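Two separate entries follow, structure 1 and structure 2, each one form of the same protein chain as structure tokens.
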Structure 1
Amino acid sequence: LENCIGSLSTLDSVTLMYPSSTEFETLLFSCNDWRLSYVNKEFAVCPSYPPIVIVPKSIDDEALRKVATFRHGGRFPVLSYYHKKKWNGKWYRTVIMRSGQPLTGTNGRRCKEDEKLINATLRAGKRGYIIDTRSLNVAQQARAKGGGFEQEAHYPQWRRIHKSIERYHILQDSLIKLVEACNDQTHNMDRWLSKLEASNWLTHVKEILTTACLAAQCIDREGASVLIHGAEGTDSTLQAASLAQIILEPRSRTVRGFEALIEREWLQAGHPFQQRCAQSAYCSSKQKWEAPVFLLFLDCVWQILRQFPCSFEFNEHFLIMLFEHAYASQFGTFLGNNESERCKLKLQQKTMSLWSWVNRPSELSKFANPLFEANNLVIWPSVAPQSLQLWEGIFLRWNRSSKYVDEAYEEMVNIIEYNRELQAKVNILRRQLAELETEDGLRESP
């Protein structure tokens, strides 16, 4: 890693800026009952959290330190998303929080500060939902290793739901099988379909999208706050929380909003990119901690983009670019496993930010979606098997020529641009006609 940084630091300029804490302040702007906490300023409380986190105003830093000892890896519940919706003339506010699993163990250990923290997010008389991204069986087994889940007796205002999302080696094996199927040149239909099904890749996509939709439904339709966690809180937790925001929040479907989401919910939230993306995604042999967690997230976003092609400011090329840079990049954005490591390695001083390059007008135009029309509504993707497709742009990119697809895309862009020009001319003619009618009316009046 240090060699990589050394190579990157010899590039012409290191002035391309990295994001600051602005995104946290933006998120906090409309949250009256929440505050910025600097309890993790030296990464002493939680090594995988950023120095600044958003927590309920009623919870002080000393309580946060106690809660951190009760959650896996010190990952105490923090604000991920703040949702406002108007019902019957009143504004209701709900949140998505994320954390690591509680360390209840076999003795049923409890932490009153933890209970107080997550209860502080509930409105009077309302219940919340805890979405555990493990099966009940896996969660129960975790107790024998010191982990566990929230006991109903200690969290009576919360309903726990288990939505299993697979981890590590299962995802690795799935990707290896899928890549092998895509590279099979026998052209046998039965063999291809059999291998595709055996990879279970689309099943994983479906599981993740289903969990994200559940979280979004709890927020938007039930008006209930949500806490999401699995075991460590650095993989499936981030997938579900991020996708729920894309479903709920229109800004997350813009270029800048999506960049902020990646920065806040993946990089700052401690997804271990250095471990998960250690080798090429297409490599047939994987190291122990490798897993296509981020690729699965991008695949899910692509599925939603395909179902709602006018609701995203960016196109498929933007997602493919992020996939490529997560695995191999000339920028420092995806280096390291968490913010603590990136600070120690002085990445902000020694490398350039991917976002500053992407946001240059010359580059941004490549990622613009010509069909985009701002949509302020919640979008509900279908998770039916018939609605999910293999992402050809990633998995079949070298198997078939993209010439005709590119030509069709260019033609579509030209038609849209021509339509806009015609619409502009129509608007001018309408204004001229209105002016002429006004003049005629003035002449005819006595």
Structure 2
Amino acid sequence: LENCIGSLSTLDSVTLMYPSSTEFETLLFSCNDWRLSYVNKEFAVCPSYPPIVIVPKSIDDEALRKVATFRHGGRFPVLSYYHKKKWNGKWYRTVIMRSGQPLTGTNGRRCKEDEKLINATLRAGKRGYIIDTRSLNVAQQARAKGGGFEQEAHYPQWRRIHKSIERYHILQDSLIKLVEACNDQTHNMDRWLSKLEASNWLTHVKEILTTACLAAQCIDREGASVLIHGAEGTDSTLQAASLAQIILEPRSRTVRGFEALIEREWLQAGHPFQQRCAQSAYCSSKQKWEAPVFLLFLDCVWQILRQFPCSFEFNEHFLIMLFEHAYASQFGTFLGNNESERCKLKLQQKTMSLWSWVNRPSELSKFANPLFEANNLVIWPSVAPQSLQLWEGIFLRWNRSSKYVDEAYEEMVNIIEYNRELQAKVNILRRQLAELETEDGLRESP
């Protein structure tokens, strides 16, 4: 049972890109709690959602349509991640859901279906956490524009926590400042440090990581389900939800799992890549839609990778490659702002998928982490400022030679490969010797 949904929430990128509904249905056949919904088949209910989403089984499509009108951009709560953990001999199932903000407005509008939907994910007597990625202040201000947040009175089983992840032009400003600081080699030490500080980049990294850790903590430590949203639910929401999965789910730390995560939690989830990744650092921060949201996510992954260098199947180059392709690519994968646009552009027919190229063995070998040792652990990163670092592979890449560091990396790979060779050789020789000795024994016995 759990396996079905568990595997659903970490489906292979290929299946998700070309979903065959029968396959899904057989998977879900025996699952009690969740179902696939085709309510968005024509992208009519939510233009930024994919045609197929996973929702609580007890909520029908009609209710979903109603909930969609109550959530920003029609982004009704959907399943993002399904987690199970054994505690004192019992299995606990918890989920991460994500959505847009509720449109409560100033007069405290409510929506019974919405309340029913998210309560349907809780087990009897259990509480859940709503992580709002905006500060309480910002969330309150949103009410004036028709947005808002869940009122305790209407969601008594849920506890709301506000974290503050910055968005849009603030992030864009931050990137511009950081890149400017990194590109000027004449800065003296004080100026460099003050510019690095003023860019606030690592502050954003810390905020995002902290929020993701919090969501993961609710799931793994509290055994509570989580609903994450900010305003639109297309930026900070996705950062927090996907990073929480990196922390919790070993599969998302493999190449295929990470590709699936990006496919599911960024592309299908409707992160507007075309708007966010148009010009990178070299444009005015007044560009309304430009923001390095995805780059910040990759940076956070890199920070975790640095702290757990053996827990990821891929290396830093894989992340850098994704960064590059998100901004400019010969593949169709990152084009458009959501599935609906990609469908209209007929990208599946007209362009190649990045994954089909990356997953070729010759390419994959470049991105393999030689230190990878699969583990099933939840990995808690340190978010202390002393533990976070500037991502040199991205920001200092063209500003200095990395020759010696690259050579050292090669040497490390050599040592690891040599080790494997030697081990294989020892095993062969041992078998050979054992065979010789049994032959010996056989000959002697008569």
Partner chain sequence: MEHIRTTKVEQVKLLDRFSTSNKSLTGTLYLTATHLLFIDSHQKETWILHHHIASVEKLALTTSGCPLVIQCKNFRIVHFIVPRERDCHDIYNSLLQLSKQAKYEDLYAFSYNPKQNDSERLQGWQLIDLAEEYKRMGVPNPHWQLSDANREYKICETYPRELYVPRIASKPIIVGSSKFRSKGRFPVLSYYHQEKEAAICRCSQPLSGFSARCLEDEHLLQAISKANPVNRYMYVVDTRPKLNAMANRAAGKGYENEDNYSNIRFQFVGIENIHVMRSSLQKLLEVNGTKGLSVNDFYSGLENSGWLRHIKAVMDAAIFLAKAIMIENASVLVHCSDGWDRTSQVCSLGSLLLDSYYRTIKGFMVLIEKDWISFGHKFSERCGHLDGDPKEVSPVFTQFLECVWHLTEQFPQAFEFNEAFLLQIHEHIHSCQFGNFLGNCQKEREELKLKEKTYSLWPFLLDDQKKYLNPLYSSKSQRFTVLEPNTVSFNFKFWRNMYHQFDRTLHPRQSVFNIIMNMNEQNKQLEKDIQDLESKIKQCKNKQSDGVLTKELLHSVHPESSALKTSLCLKEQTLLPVNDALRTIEGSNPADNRYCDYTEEFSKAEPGVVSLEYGVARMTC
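The term rigid core refers to the most C-alpha atoms you can superpose between the two forms while keeping them within 1.5 Å. Fair warning: this is a prediction, and the values are worked out from it, not measured in the lab. Just so we're on the same page, residue numbers count up from 1 along structure 1's sequence.
Trainee: Decide which single structure shows the form predicted in complex with the partner chain, answering 1 or 2.
Mentor: Between the two, the form predicted in complex with the partner chain is shown as structure 2, not structure 1.
Trainee: Out of Pro385, Asn414, Leu390, Val378, which one is the hinge of the rigid-part motion between structure 1 and structure 2?
Mentor: Every other option is far from a hinge; the hinge one is Asn414.
Trainee: Please report the angle, in degrees, through which the smaller rigid segment swings against the bigger one between structure 1 and structure 2.
Mentor: Here the smaller part turns by 18 degrees.
Trainee: Fitting the two forms on their rigid core, what distance in Å separates the Cα positions of Thr438 between structure 1 and structure 2?
Mentor: Comparing between structure 1 and structure 2 after core fitting, Thr438 shifts 9.1 Å at its C-alpha.
Trainee: Report, to one decimal in Å, how far the Cα of Asn427 moves between structure 1 and structure 2 once the rigid core is superposed.
Mentor: Asn427 is displaced by 4.4 Å at its C-alpha.
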